[in-house]
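Single chain ahead, written as structure tokens, the form predicted on its own.
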Amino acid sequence: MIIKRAKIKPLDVVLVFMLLSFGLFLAYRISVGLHYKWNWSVIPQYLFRYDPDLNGWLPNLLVQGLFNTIRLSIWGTLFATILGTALGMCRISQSLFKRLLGRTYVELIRNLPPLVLIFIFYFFVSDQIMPVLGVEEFVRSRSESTQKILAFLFAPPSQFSAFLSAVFTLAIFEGAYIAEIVRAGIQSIEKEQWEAGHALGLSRRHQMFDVILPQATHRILPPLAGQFISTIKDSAIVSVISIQELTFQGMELMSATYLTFEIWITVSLLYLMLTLSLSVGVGRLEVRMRKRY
């Protein structure tokens, strides 16, 4: 399969010029029409700060928020993949109960606003279930080194319950879409493959895991990687329950500094840096999949 490299055409140059011109026009209108005084010089200090005690640079509010967004996205995608894969398998099961279970979950979650889910799981999971399970007490009772590891992987002890609630909410919301990706990937395999497995005397379970899933995986992975990008963007919704991810930190800084445009442009660029790099990775993954199959 020959893959042609993209070439820059005159229309591309014109479009880029138009976008730059529009951006400059907006900046001019903001400065003149709103009498807004731009102050980009203070933004770097909200990205990194110098610690004289450690004699080095440390991440500040915006970069800390970016790291929290990455943590939320990774854990949310991991749990969503597990949940979505299980319920995607239920969607194509021969059992009526499993099919109804998978269908109910997908239709219910996909037709509810994520903001509603956030509040439901925050007030139910964080306020009711976490105290009963003693999650925060368990984390606080660990050694200092263990707490540091948990804080690096998840969140500090004071925010641990809220962070887990946010992860579970993201996992349940994104899991509905992953379930449909898994279902579509499995159902895209030709019927003859099932028949060939049956002819070899394989049970349906072995047909699924030994014949169908290996073929469906390369069709599932690219959209699954794309769903990870969607999870990064959707993670901004948890800012409403005071999870200190990138959007929340942006709102806090904007309220404190009144640097509305500088803060939100910086936040947008950080999101773009994260999602565009993943988009490039997803594009390369799709190319490799096409070459292999």
Partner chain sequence: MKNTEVPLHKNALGDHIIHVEKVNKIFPNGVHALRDFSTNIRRNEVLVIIGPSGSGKSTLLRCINGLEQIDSGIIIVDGIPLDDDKNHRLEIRIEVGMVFQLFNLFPHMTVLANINLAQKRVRKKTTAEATETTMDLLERVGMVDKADSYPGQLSGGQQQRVAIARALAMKPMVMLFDEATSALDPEMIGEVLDVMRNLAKEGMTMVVVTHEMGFAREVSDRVIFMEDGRKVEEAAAAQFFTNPKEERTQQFLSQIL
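Since the structure is predicted, the reported quantities are computational estimates derived from the model, not experimental observations. Numbering follows the first chain given and starts at 1.
A second form of this protein, the form predicted in complex with its partner chain, is not displayed here; the remarks below concern that form.
Its partner chain is not shown here, but in the model of the complex it comes within 4.5 Å of a heavy atom of residue 206. Interface membership of residue 159, defined by any non-hydrogen atom within 4.5 Å of its partner chain in the model of the complex, is ruled out. Taking the partner from elsewhere, residue 104 is found to have every heavy atom lying beyond 4.5 Å of its partner chain in the model of the complex. Residue 223 falls outside the set of residues with a heavy atom inside 4.5 Å of its partner chain in the model of the complex. For the three residues 195, 198 and 215, a heavy atom within 4.5 Å of its partner chain turns up in the model of the complex in every case. Partner contacts here mean any heavy atom within 4.5 Å of its partner chain in the model of the complex, and among 74-82, 136-144, 171-179, 206-214 they occur only in 206-214.
Contact annotation: of the candidates 202, 186, 150, 117, the single residue with a non-hydrogen atom within 4.5 angstroms of its partner chain in the model of the complex is 202. Residues of 76-96 placing a heavy atom within 4.5 Å of its partner chain in the model of the complex: none.
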